[in-house]
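Let's start with one chain on its own, the form predicted alone, as structure tokens.
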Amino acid sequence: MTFNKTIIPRVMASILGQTREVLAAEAVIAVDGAETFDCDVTKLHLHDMTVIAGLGGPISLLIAFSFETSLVEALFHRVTADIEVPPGEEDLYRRETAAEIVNTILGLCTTDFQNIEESIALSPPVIIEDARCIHRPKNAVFASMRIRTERGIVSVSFVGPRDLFDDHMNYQF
């Protein structure tokens, strides 16, 4: 199967819509706006915590959600408000909160593509901390979207085709 980069705008619109819904429902955080960026960038700049997951099948993209610390903190405090976080486990719970938010958003996005006849696989999220950029290798397509909320920014980057990379963004060719 060849990579169809015309799918990227549809996936971007789906992710923006589902991010609005999930942040409002899970953390009572409103999205203030979003900007999209050209596919011709040569590297993606990342925030403090990045969660990467892949959408397979006809979509064939790795999607990296890169969170500012302030947004991760707001999500963490809201999601863990009714549970006791064991001392020393706060960082683990922060990472798991970010991963679960991304997993929920991407899972809901698959419903936006029900009209596609092939099944859409969703890889487990991988968390990367303190990485600063991802360089675009030959034959890869990058696109990016910055989603601004009242509590911070999440930059969502799209890297395709999916089969050029493993789940840790390592180039495979």
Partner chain sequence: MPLKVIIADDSIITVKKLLVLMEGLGHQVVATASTGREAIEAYRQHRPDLMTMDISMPDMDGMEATSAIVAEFPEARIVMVTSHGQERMVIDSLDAGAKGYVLKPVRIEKLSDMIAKVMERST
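Residue numbers count along the first chain shown, from 1. No experiment lies behind these values; they were computed from the predicted model shown.
Omitted from view is the form predicted in complex with its partner chain, to which the following refers.
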Answer range among 110 to 118, 29 to 37, 143 to 151, 63 to 71 for contact with its partner chain, defined in the model of the complex as heavy atoms within 4.5 Å: 110 to 118
Just checking whether A131 would be counted as a contact of its partner chain in the model of the complex - the rule being heavy atoms within 4.5 angstroms. no
Can you work out whether I127 and its partner chain are in contact in the model of the complex, taking contact to mean some heavy atom pair no more than 4.5 Å apart? no
Within 90 to 109, which residues have a heavy atom closer than or equal to 4.5 Å from its partner chain in the model of the complex? L92, Y93, E96, T97, E100, N103, T104, G107, L108
